[in-house]
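What follows is a single chain, given as structure tokens, in the form predicted alone.
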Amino acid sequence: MGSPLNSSPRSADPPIQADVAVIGGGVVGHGIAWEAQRSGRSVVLVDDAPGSGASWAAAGMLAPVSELHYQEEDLLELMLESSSLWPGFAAGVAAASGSDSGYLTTPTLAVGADAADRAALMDLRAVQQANGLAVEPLTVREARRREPLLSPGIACALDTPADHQVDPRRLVASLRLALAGAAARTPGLAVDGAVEGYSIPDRAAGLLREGGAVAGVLLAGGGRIRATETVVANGLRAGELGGLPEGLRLPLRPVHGDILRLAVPQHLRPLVTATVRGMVHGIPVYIVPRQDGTVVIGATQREDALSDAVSAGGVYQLLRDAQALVPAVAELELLECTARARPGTPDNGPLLGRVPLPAGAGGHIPGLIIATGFFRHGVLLTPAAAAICRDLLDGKADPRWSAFRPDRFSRPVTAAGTHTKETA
């Protein structure tokens, strides 16, 4: 038996053994770990602060329709696939953990504040309809009948019944319980039934390499995990890992976002029953109701030097624009202001899949799967990422997702170790 999983192993300790090591304890990493565990594999997850990154700040909108952006059709197919998996995924997590992840099938309303916003939303609707997505206009009267606290001055409203939500904080907590429960029953991985029993509270420093294969994880604290398969799912830190394959480029950039949580007083509950995604003078804002009487308002998108510091301008913008759509927001209690960085890629698609061997060698690097760069879609894409990684562990690869191969921004390396000539 390896080192206890509720302490970081020292380099002198024997390595922990597992079928799968998952680097990264956000919602995607936890989802992949749980799916791997459900497939009958032993799993360890490596993160020094699980659930505290982008997953902690995320609003949890499961919105493949509303999140459609121009020229992102490949990403739309993946979002729709993951959306279809969400009911079964949520039910499975609830059954395994005995807890509610906050998954709700309440619809989404898209709302425009002025004539220009209405034109923009109707243009987007044309693209959505061209892709077979259902978005139906409502009169302002109909929208306010459904959501009485909407401003009477809104210019338009559209119903998006297929866009739902989940509470990411509750989801991660449920996944941790599900993983820990199974880990307590796994020989060699049980640690007193503790919630942390499946995880290593340490940061991954690099990949353990043996020949041309990845054989596990090297920990910052000096320990090692030996694993048949290693999944790199640690967001922005993925490109910093030691031992990545030569020539593999993971171009991840931090896109910071401010997000607010507010309590709704009893006399205003429910503030809204559906998620409200608004456009206010060309600037997006959303209001997501939670079951506990709070709402989440978000989210700005900025690429600056503030890191995880909250932007005063961002908080002002969110409150201003949310009040333009739902004036009663001014009466809410501000509970929390949070900022986190989302891991973006040049084409906004994830880096997802196995890494090919050098050009001319054929096949892929044994023991390594990349699953990062989910940008603003991490929560939505968790079930699909988990299923895709499970299939890869089983030796199956779905050609539909080849557009997201993790080496698509890399310079190919020949079997001799030299870079091939780049083409335009």
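In case it trips you up, residue 1 is the first one in the sequence shown, and so on. Everything numeric here is computed off the predicted structure, so don't read it as measured data.
Same protein, other form: the form predicted together with another copy of the chain, not shown, and the subject of what follows.
A.B. asks: Counting any heavy atom within 4.5 Å as contact, can you tell me which stretch out of 167-175, 136-144, 96-104, 329-337 lines another copy of the chain in the predicted complex?
C.D. replies: Careful reading of the contacts points to 329-337.
A.B. asks: Heavy atom within 4.5 Å of another copy of the chain in the predicted complex: which of Leu262, Leu218, Leu250, Leu271?
C.D. replies: It is Leu262 that has a heavy atom within 4.5 Å of the partner.
A.B. asks: Considering non-hydrogen atoms and a 4.5 Å limit, which listed residue (Gly293, Gly313, Gly242, Gly212) is close to another copy of the chain in the predicted complex?
C.D. replies: So the residue touching another copy of the chain in the predicted complex, by this definition, is Gly313.
A.B. asks: Contact between Leu319 and another copy of the chain in the predicted complex at 4.5 Å, heavy atoms?
C.D. replies: Contact with another copy of the chain, yes.
A.B. asks: Can you check whether Ala309 is within 4.5 Å of another copy of the chain in the predicted complex, heavy atom basis?
C.D. replies: Judged by the heavy-atom cut-off of 4.5 Å, Ala309 is in contact with another copy of the chain in the predicted complex.
A.B. asks: Would Gln323 sit within 4.5 Å of another copy of the chain in the predicted complex, counting heavy atoms only?
C.D. replies: Gln323 belongs to the contact set for another copy of the chain.
A.B. asks: For the stretch 144-170, which residues lie within 4.5 Å of another copy of the chain in the predicted complex by non-hydrogen atom distance?
C.D. replies: Result: empty, none.
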